[in-house]
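Just one chain is shown here, as structure tokens, and it is the form predicted on its own.
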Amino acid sequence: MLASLALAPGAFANFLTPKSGGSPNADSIAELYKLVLYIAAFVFLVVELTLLYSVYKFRAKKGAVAAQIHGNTRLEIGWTVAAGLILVVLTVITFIKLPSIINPPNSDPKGLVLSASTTEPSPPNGRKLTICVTGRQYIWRYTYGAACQQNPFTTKLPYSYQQMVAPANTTVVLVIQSTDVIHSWWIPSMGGKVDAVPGYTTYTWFKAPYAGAIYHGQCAQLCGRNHAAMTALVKVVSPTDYQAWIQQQTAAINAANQQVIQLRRVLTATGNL
């Protein structure tokens, strides 16, 4: 029974390779990682098999006198050139893959209808959805809208905590900041880690292809005693459902604000504030 559990496909899912499938940049990262892994595994096997062969072939024998070999110029040049060629190949492939990791693509025609924006990074046509990600001990806050970097409280932009809601087939640019210590935004299936550093702004992007998917993540930078509780979720919905959710969230926040205003008036009038 233990063997069946250990050898189940899910037991070793993404055991040696990073998660992907939630965004094109995550897929490119996974492809590059696997390519480097396969080449490294091949080199490892060649070196180890050569070592085992040499240990067996030239093992100590009674009465045998070890040959004195002072060097092999051709062999040394050969493995030096081979190692250099491998590095060149990896470098070229990495630079070929980097644009698809760094530069966001355009949203699909069936994605959310967006207006142009100039915030970096930007897809070729400049049309994207901007979401501000703010880390603080020990929760993530998401503010929705292109003006989230300026003054989201004055403009009363909708927001949510811990779970981000994003439309499918839409290029989403994340503006990442921190209010206290260094955090690290990381949803493995949607791309690499991005640090949230106090006083600085960092960026990343994703383009989720499937509505209905939920991607789990975690703060990847030790940020205090409750670091392990600083989880993150990205819920992908259809563009229509996203617009409906934004309207509902805005209405709910406005209603809550009105309740707070009324309560403050009552407390002030009764001398309890």
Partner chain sequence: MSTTDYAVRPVPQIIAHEVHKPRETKKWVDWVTTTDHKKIGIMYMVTTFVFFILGGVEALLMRVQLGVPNNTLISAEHYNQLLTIHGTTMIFLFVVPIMAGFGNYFVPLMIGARDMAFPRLNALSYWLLLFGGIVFYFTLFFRPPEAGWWSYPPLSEALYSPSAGQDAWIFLIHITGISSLVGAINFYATIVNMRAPGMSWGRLPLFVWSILIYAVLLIVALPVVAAAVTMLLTDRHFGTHFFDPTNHGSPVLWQHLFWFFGHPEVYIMILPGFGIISEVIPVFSRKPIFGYKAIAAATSVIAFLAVLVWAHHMFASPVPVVVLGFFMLSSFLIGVPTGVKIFNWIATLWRGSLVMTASLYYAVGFIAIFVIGGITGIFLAIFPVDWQLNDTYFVVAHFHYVLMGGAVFTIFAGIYYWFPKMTGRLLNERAGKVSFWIMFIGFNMTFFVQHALGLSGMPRRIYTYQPGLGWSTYNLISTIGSFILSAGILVTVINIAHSFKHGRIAGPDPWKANTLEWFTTSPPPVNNFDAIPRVRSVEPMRDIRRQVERSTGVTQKTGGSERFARV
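We call the rigid core the largest set of C-alpha positions that still match within 1.5 Å between the two forms. Numbering follows the first chain given and starts at 1. These numbers were taken from a predicted model, which means no experiment stands behind them.
Beyond what is shown, the protein has a form predicted together with its partner chain; the following relates to that form.
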Based on heavy atom distances of at most 4.5 Å to its partner chain in the predicted complex, which listed stretch, 89-97, 141-149, 124-132, 158-166, is the contact stretch?
89-97
With the partner absent here, would 75, 195 and 223 each sit within 4.5 Å of its partner chain in the predicted complex, counting heavy atoms only?
yes
Just to confirm, residue 237 within 4.5 Å of its partner chain in the predicted complex by heavy atoms?
no
Is there a heavy atom of residue 104 no more than 4.5 Å from a heavy atom of its partner chain in the predicted complex?
no
Taking the shortest heavy atom distance, is residue 32 within 4.5 Å of its partner chain in the predicted complex?
yes
Just checking whether residue 208 would be counted as a contact of its partner chain in the predicted complex - the rule being heavy atoms within 4.5 angstroms.
no
From first to last in sequence, which residues of 200-236 have any non-hydrogen atom within 4.5 angstroms of its partner chain in the predicted complex?
200, 202, 216, 218, 219, 220, 221, 222, 223, 224, 225, 227, 228
At a 2 Å cut-off on C-alpha positions, does residue 51 qualify as shifted between this form and the one not shown after fitting the rigid core?
yes
Checking residue 61 here: with the core superposed, does its CA move 2 Å or more between this form and the one not shown?
yes
